[in-house]
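Listed next as structure tokens: two forms of one protein chain, kept apart as structure 1 and structure 2.
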Structure 1
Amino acid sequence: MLFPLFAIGEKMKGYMIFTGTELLLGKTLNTNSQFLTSIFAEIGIDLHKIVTVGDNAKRIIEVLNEVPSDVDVVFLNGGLGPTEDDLTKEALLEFLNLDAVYHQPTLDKILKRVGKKGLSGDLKVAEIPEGSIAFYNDAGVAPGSVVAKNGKHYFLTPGPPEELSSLMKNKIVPYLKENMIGTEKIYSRTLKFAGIGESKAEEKIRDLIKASNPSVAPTIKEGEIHFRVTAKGEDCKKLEVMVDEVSDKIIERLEDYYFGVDDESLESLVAEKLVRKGLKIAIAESCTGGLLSNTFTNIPGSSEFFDRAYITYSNMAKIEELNVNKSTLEQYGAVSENTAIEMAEGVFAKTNVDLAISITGIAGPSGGTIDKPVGLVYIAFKYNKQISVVTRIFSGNRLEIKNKVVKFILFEILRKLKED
């Protein structure tokens, strides 16, 4: 029998158990941990502890025994597959003294897929603890499930990240939110910014970060800063208004650096804008060496707006492909405003695009001088027949500098396209 997860005003307490010998041997990076903990944080479950153990039923039971009495939700991840090493469910059944029953939709799926003979091992995947609620796995086979006993809810979830992700987003998070009914609801939104440092951004909204409802939590992601605004209460409409109000304040104070919300990425927003406006782009990359092109072409359907790029690493390539003047390279150097301009003009002249971009700089670790240090980058844009150049010094190692340059350019394009 399941019971309501928590009463209003109380904070639900959580405990996470990851099972998998591969995690103890360093064979696999545990990305599920960050994924699940960030969901807990968003939903407002106060996580007590994370424990990782091997595929060993005795050890798993040992951990289940250690869970403190005031914990409400125990999340187990991994070990639901068909092999002998998959023992998480078996351990939970033994610990709770429960039997297993078949989850019919999963059983049907397995039987349909493989026929009926000789797969007793596989069939155990369709088992769930008696009295539990099952979550059908659209992305794989092993279902998720939740069973309530000893005043706690025990969740079993599959290990493969894509299965876990699908199950959490489509089934378990809605279930958790639903079952907080009569209690708190949660509404949250992530605001994304670029072109500004973490501490500078936080300084401007310190009062909002210190407030508790809505709460504002920063996360950093290579060249971007995200603020997650979360409101808690009983009335969904009210929560949305609360999040709207704080979001507006944040965006107002950091207006110059704001680019999107939630699942929006810088590159997807740029791509969307280019497609909507029917614009084509071409690029000349030197120090970023193909990273900007690669970022664009990671987007499905990028052929709609991405025409071509020249990765002109050598001086000869700059001269031959982009008609950069030899005298410009000699007089100002390959890393200079003049070279950047001539590269962009070269791309624009050779192609039939609306926006031409060029990048030249010093990604390091060597090649820097006092006048032109590692991280110095010139970026030229030719758009609406106008040329503009931006000069910036980026910090970090070679790969970090390349990444920051690309984020910066994406943000600049977005700004340019907004102005129209």
Structure 2
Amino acid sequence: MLFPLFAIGEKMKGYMIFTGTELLLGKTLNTNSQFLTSIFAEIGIDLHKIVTVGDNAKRIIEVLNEVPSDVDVVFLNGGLGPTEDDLTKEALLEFLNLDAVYHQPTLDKILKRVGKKGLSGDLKVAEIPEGSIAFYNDAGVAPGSVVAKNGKHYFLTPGPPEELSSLMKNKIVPYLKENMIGTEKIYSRTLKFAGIGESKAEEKIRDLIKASNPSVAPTIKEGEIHFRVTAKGEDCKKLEVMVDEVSDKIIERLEDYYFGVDDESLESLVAEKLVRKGLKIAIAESCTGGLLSNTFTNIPGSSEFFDRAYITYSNMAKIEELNVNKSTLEQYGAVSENTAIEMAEGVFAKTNVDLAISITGIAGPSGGTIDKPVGLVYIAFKYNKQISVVTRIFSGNRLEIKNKVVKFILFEILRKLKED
């Protein structure tokens, strides 16, 4: 049968329900929330509310009852697995007074994997609401689905982030776009910045953020700030012009921190410029423990620009591998400008690359003092036979600090290459 089409326009509202007791206990970071909200913004669904509820069918139903009458799309995420505490689908079926039916392609996948023995839990995963449209899960087992009832469209989506991402990008978003009714179109672009704090960046474009069409929505990543510029209207060419005009204003005000757009990443842009210039780099890492090196080697073809890395975590490693003077460590400490300089000089002397980088700091959560707090990092660059040191204090937990340091260094490399 034909599934009811629906319009996504200015007044279309969305509602998100995330299920999982682990989310309420703080044991799992809800990255799906950030991902789905960005998808909603991109396709033009105005998000009304986000609710998190534990693995309890009665409470899930209570939340479903609280969804306002003018909400058009309800996304339920998580709780589609085979265990007893995966109750999202069952709660929705009870709420809508629907029966479950098997999604045959998923059932075939399960039978192929585990056979016909002990399937009571496994078969449950293949169930979808009667009358719904299913979205086959290429990255996992539990399918997504959408069912229309009570003037709303209820979407069931799997909890694992990689499965949700695959399903949304490859199945659900195309479905939503294909089934939009009306003449309104949406055009968006994401501008990316680094090396500046969130509040400072937003202050510079506060008037643009307050505008409604095009809208400007900030998204914070670790070490980066993204601004999605979205325009709505009927003329595609006019929408592109509108987004161009606002994008130009944002970039003009934040020019010193701008690095890319949409799918461009800091590491790929840095790699591209290094290859184009025929430059080689080598790194000495202490507090980041190889994270910067790992970031570079994740890029296909990184051997064209990446020479080697030294993970000199201890003082002895700095002395033996990079020829850092013992007296420097005793007088200034491992976390100091002097040590960072000698580390970079040591890398440069041992490799003779074009760009040598060293990193030393305090990632925490312990080890900080009044003079040298947690988050203090010294980064030395040996480039064009000149040495320079950047000192920054980064906030966050241990992993967040390490990630922010890496992003900051990538942006600094990009800045130096542009200046050159």
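Quantities reported herein were computed from a predicted structural model and do not represent experimental measurements. So that the term is clear: the rigid core is the largest set of C-alpha atoms that superpose within 1.5 Å between two forms. Quick note, the numbers are simply positions in structure 1, starting from 1.
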Q: Sort out for me whether 1 or 2 is the form predicted alone.
A: 2
Q. Core aligned, does the CA of residue 411 move at least 2 Å between the two structures?
A. no
Q) residue 389: with the rigid core matched between the two structures, does its Cα shift 2 Å or more? A) no
(Q) Quick check on residue 80: with the core superposed, does its CA move 2 angstroms or more between the two structures? (A) yes
Q: Fit the two forms on their core, then tell me the C-alpha shift of residue 231 between the two structures in angstrom.
A: 2.6
Q: Give the C-alpha shift of residue 29 between the two structures, in Å, after superposing the two forms on their rigid core.
A: 10.2
